[in-house]
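First, one chain by itself in structure tokens, the form predicted alone.
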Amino acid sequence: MNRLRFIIVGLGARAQYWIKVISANPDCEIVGLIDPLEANRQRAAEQCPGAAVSDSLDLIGSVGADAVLLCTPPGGRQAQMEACCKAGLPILAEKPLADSVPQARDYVAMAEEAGVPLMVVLNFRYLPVTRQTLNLFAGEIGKPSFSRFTYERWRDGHQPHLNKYPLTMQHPMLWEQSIHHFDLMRFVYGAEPVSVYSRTFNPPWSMYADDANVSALITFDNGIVTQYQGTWQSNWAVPGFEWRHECATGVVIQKDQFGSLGFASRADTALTEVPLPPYRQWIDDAATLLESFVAALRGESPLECSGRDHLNSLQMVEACIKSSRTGEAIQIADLQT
């Protein structure tokens, strides 16, 4: 088969990983590069010899391509989505799809009306530790009934390899990080949220303009209740992570966002570690997601992480914001009206 030809829009921090991943996939190639900044265009052009380079979205309709990858901030994607839909090109978009649920709904409707496949980059679904967690739930440990998810990070948003827009956006932790965690919860529990009770806030030392801390109590439609705490401004540079699932006959505990998985039955005195394959952070997960996208476009498998599915995770973000503002638990069904 012919290789899938990609145009990349947005050539900043995240695009650096994607250029490596796409270039390493024998079924793909990069034919177009778009960014308003000359320095970004020049760097990417050196990495992708032969690709057309432009500061204009007009390139989307003028270069022979099969798909577009959006590595752009979630705010202000209207023109990008319109250009892709007008050209009839499938879209692979970095999460979140938009920085508001109504805007994301409009994008999903736009793509569906144009008959354009839309997949969102929820790469944490493709981590080996995520897949092994699902295997444990299917085994003797059994299905979870409640859980605790803790994510603590000192994220220096001024580091050169990180995108800068989160420093000034509203609710950066929720939109940029918790969205991953919420999507993971839905994925591993095979369930949808029904209610969210939350508080968001910003510590006095925060470098972020808006709330970098989130606490939430989330109830899913299969009865699972999750206590969630996430922060980008933990005041210790050593990260903290634990996702503990209380299951039918014991526990499953993930102690690192990208690995370190164990389980124990009720009477065990120690965790049994689960072997995980070698993993390159931000590379292998994206590579597996890309393979899924290619397979879907070739009709070999259903499209995963679709824009419409993504709306369910975005509503969890919206519910957290509304709950923190009102001080009340938010019913997800009420957000859909």
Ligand SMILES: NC(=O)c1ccc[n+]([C@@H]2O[C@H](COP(=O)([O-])OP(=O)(O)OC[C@H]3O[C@@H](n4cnc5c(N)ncnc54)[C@H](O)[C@@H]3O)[C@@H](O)[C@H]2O)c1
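Predicted model, so just to flag it, every value in this text is computed and none were measured. Residue numbers run from 1 along the displayed sequence.
Same protein, other form: the form predicted in complex with the named molecule, not shown, and the subject of what follows.
**Q** Can you pick the one in T226, T231, T72, T133 that has a heavy atom within 4.5 Å of the named molecule in the predicted bound form?
**A** Flagged contact: T72.
**Q** Considering non-hydrogen atoms and a 4.5 Å limit, which listed residue (F124, F241, Y197, W154) is close to the named molecule in the predicted bound form?
**A** Among F124, F241, Y197, W154, a heavy atom within 4.5 Å of the named molecule in the predicted bound form occurs only for F124.
**Q** Quick one: does P36 come within 4.5 Å of the named molecule in the predicted bound form, counting heavy atoms only?
**A** Flag for P36 set to yes.
**Q** Check whether Q47 has any heavy atom within 4.5 Å of a heavy atom of the named molecule in the predicted bound form, and answer yes or no.
**A** No - in the predicted bound form, heavy atoms of Q47 and the named molecule never come within 4.5 Å of each other.
**Q** Considering only heavy atoms, tell me if I22 and the named molecule come within 4.5 Å of each other in the predicted bound form.
**A** Because no heavy atom of I22 falls inside 4.5 Å of the named molecule in the predicted bound form, the answer is no.
**Q** Even though the named molecule is not shown here, does N163 get within 4.5 Å of it in the predicted bound form, heavy atoms only?
**A** Yes, N163 is a contact residue.
**Q** Let me test this: is every residue among L11, R14 and H180 within 4.5 Å of the named molecule in the predicted bound form, going by heavy atom positions?
**A** So, yes: the whole triplet contacts the named molecule.
**Q** For the chain shown here without its partner, which stretch in 90 to 98, 204 to 212, 104 to 112, 134 to 142 has non-hydrogen atoms within 4.5 angstroms of the named molecule in the predicted bound form?
**A** Stretch with heavy atoms near the partner: 90 to 98.
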